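So this first bit is one chain, no partners, the form predicted on its own, shown in structure tokens.
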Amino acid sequence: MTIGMRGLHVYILLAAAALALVFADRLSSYWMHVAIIAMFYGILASSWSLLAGYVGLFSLGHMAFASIGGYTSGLLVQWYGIPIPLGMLAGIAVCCALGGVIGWVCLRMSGPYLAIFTLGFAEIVRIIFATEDDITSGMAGLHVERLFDTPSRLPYFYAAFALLAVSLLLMGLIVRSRWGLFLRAIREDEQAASASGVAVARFRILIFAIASGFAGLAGGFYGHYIGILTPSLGGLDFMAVLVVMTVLGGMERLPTAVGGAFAVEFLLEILRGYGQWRLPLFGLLLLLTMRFARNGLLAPLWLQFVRLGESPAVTATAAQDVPQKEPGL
């Protein structure tokens, strides 16, 4: 009789996280910076996954909320001298409020209509930040007070790690609760979910506000880490990178979205030696993924990883419980 150990993958993840924290100081300054930026994208990718993968709301304004969160925190700290953590919390609050308003406006929009609307919103935000020279310093960039008064990147590594872990924990609690079931029901069939008693409009507004708040958190940290904010942060280029990260990893699961952020960020740095061929090679990888692994490259690996420690009987039972399509369908 074979006895499995349920939850083995959780212990492996905790051990890997502990090792990363213990040996982080052995990373070079360059690769530590890459890891910090990957964790910044990890918060954004997981929150966009919460919006697009769990509810089916494809917003192209997610990076605009990151920009708003960064500028809000940077300006409040600069003008009123408040502590940086309080400025970041203010940025989160502003993004949640704006996200709720956008969610209310977009209640009856979906698919390309929502994408076009949020793209227009992102462009308006970018133009405002670029033209208000007296407030945001325009294209020259707003100089933001750094989170830690030290040249070392190690404190930023720990801070980014903590923010990513807390964000994943909170989003994980959401998707594993009854709310998570309601969100998936809305994604699959809004009319059926509404007929079953799910408050579709309320949950769409709520999840848009929550995802926007997490984007504001990431943007606030980014600004206080880099030390300067430019309007390009909320532009389409950064948004395209975020979508690619989430799609390549697998946007229907939070861990695979984060894994996609790490994989893409490190892959782009590794391919930097190929010069102008870096982006075409990356585009080819994206095309192959869309053709052969539409659920993401990391999703199958994650499912196998989650099953570690389970007995063969449990795994076989789980496989039998998955509904199979009828031939020809």
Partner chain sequence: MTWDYVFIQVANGAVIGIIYALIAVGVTLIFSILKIVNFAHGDLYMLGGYCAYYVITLLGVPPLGAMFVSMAVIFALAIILERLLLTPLYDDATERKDEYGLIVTFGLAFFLRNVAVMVFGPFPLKPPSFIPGVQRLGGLVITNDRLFAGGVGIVLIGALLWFMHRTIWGQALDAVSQSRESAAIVGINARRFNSVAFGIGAALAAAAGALIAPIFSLAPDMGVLPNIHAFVIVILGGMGSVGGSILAGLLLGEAENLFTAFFPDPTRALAYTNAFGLLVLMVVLVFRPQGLFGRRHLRME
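Positions refer to the first chain, counted from 1. Since this is a predicted model, take the numbers as computed values, not measurements.
Below: the form predicted in complex with the partner chain, not depicted.
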All of A18, P155 and I228 within 4.5 Å of the partner chain in the predicted bound form, heavy atom check = no
task = Determine whether any heavy atom of A162 comes within 4.5 Å of a heavy atom of the partner chain in the predicted bound form, and answer yes or no.
result = no
message = Can you work out whether A299 and the partner chain are in contact in the predicted bound form, taking contact to mean some heavy atom pair no more than 4.5 Å apart?
response = no
ask   = Is the gap between P112 and the partner chain in the predicted bound form 4.5 Å or less for some heavy atom pair?
value = yes
task = Examine D149 and determine whether its closest non-hydrogen atom to the partner chain in the predicted bound form is within 4.5 angstroms.
result = no
key: Partner-facing stretch of 83-91, 218-226, 162-170, 115-123, counted where any non-hydrogen atom is within 4.5 angstroms of the partner chain in the predicted bound form   = 115-123
request  = Heavy atom within 4.5 Å of the partner chain in the predicted bound form: which of L27, L271, M290, L303 fits that? Just give me the one.
outcome  = M290
query = in the predicted bound form, which residues of 120-142 put a heavy atom within 4.5 Å of the partner chain?
reply = G120, F121, E123, I124, I127, I128, T131, E132, D133, D134
